[in-house]
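A single chain, nothing else alongside it, follows as structure tokens in the form predicted on its own.
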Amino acid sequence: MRMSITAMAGAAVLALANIQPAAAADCGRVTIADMNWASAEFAAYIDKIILETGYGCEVELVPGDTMPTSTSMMEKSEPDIAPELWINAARTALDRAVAEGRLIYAAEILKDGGVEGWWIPEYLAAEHPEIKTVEDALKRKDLFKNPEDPDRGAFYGCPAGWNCQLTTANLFRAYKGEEMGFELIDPGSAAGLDGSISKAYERKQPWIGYYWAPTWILGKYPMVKLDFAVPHDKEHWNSCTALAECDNPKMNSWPKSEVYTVVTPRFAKSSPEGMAYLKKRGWSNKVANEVLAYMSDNQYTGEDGARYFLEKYPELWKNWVSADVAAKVKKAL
């Protein structure tokens, strides 16, 4: 008996419905660490959107932080993906887990690494091209006047309680900041440090101090990182620069903070195509800073930031996926 057109169409729809869950089942349920800082948050949502719409995964975001997430992944293989893991914090243990096949390093999500250092505003660097190094800047206490004591320069340090407070204080001593007439100012908090930068920018005043990337501040207020003029000395860094008790700190420079996407073998096996995407996906601090600044200005969530990124940078993310997947993601947006 010949099937009617209506019946044939219904059969086709039913067949398609049966195919779709099978494709999703190949990838299955995927858990992604939603870290508690903005750059990792929008990265998690980018992966969620692309894995769900492009590869048919069932994605769940789970709360995360550097040490708890890396420990859980090493010991329990959960979550499946940590999009932005600053691996220097647990490098030895993570390297061992990768060597033993318990975890996999995917792309270096921050292509130029996480950045720490001492900075001056971009407009100031343009006005004073002679200031390129830390020592150049510390010779100009007259330029970076302390509002509380005009006879001294003001250097804004890392907030109290952060590890960078130790490294900044030790490097300040190594470069003879106090002898050069500067006072190391504790901003009190990250908000206090941010406020000192935004205030200087609004008034186009000189500013010098510690900061890091990726952050919304460096996206909104372009800064130039000063050259420490010496290579990174890992041995001295570990034995003195980064410690509270450092009797004789030497000139040093911050190490590059390697920031990778870390993945479990279960996910890599269940979704080879999704794994291929994660091995390509990554961006520069400049891009991350711009997205973070946009999120901050508009009070956007990580999901909002992810959608903004996908809409603004198609020439970047389309290189990570096939044309078919790119079309699915674009349609979903």
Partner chain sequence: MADSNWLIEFPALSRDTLRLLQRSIDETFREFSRSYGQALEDFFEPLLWFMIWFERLLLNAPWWLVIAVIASCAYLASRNWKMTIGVIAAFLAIGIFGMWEDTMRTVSIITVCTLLAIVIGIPIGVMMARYDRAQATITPVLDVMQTMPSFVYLIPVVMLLGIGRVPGVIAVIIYAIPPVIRLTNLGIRLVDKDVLEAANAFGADFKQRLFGVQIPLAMPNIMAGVNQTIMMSLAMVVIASMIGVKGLGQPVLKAITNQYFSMGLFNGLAIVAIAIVFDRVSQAYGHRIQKHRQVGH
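Being a predicted model, the structure only gives us computed values, none of them experimental. Positions refer to the first chain, counted from 1.
The discussion below concerns the form predicted together with its partner chain, not included here.
Trainee: Given that the partner is absent here, does Glu127 sit within 4.5 Å of its partner chain in the model of the complex, heavy atoms only?
Mentor: No - in the model of the complex, heavy atoms of Glu127 and its partner chain never come within 4.5 Å of each other.
Trainee: Classify Asn238 as contacting or not contacting its partner chain in the model of the complex by the rule of any non-hydrogen atom within 4.5 angstroms, answering yes or no.
Mentor: It does not: once its partner chain is placed as it appears in the model of the complex, Asn238 has no heavy atom within 4.5 Å of it.
Trainee: Does Tyr156 reach its partner chain in the model of the complex, with heavy atoms at most 4.5 Å apart?
Mentor: Looking in the model of the complex, residue contacts with its partner chain include Tyr156, since a heavy atom lies within 4.5 Å.
Trainee: Please check if Glu258 has a heavy atom lying within 4.5 Å of any heavy atom of its partner chain in the model of the complex.
Mentor: Looking in the model of the complex, residue contacts with its partner chain do not include Glu258, since no heavy atom lies within 4.5 Å.
Trainee: Please identify, from 262-270, 54-62, 291-299, 38-46, the stretch that has a heavy atom within 4.5 Å of its partner chain in the model of the complex.
Mentor: The contacting stretch here is 291-299.
Trainee: If you check in the model of the complex, do Trp162, Asp186 and Ser196 all have a non-hydrogen atom within 4.5 Å of its partner chain?
Mentor: Yes.
Trainee: Which residue, Thr133, Ser77, Asn88, Gln205, is the contact with its partner chain in the model of the complex, using a 4.5 Å heavy atom cutoff?
Mentor: By the 4.5 Å criterion, the partner-contacting residue is Gln205.
Trainee: Here the chain is shown alone; which of Arg173, Lys220, Arg140, Arg102 has a heavy atom within 4.5 Å of its partner chain in the model of the complex?
Mentor: None of the others qualify; the residue that does is Lys220.
Trainee: Could you pull out the residues of 136-157 that have any heavy atom within 4.5 Å of its partner chain in the model of the complex?
Mentor: Counting only heavy atoms within 4.5 Å of its partner chain in the model of the complex, the contacting residues of 136-157 are Pro147, Glu148, Asp149, Pro150, Tyr156.
Trainee: Say whether the C-alpha atoms of Thr261 and Pro159 sit closer together or farther apart in the model of the complex than in the form shown here, given that their separation changes by 3 Å or more.
Mentor: Pair moves closer in the model of the complex.
Trainee: Between the shown chain and the other structure, the Cα gap of Tyr221 to Tyr313 differs by 3 Å or more. Is it closer or farther in the model of the complex?
Mentor: Residues separate in the model of the complex, at least 3 Å farther apart.
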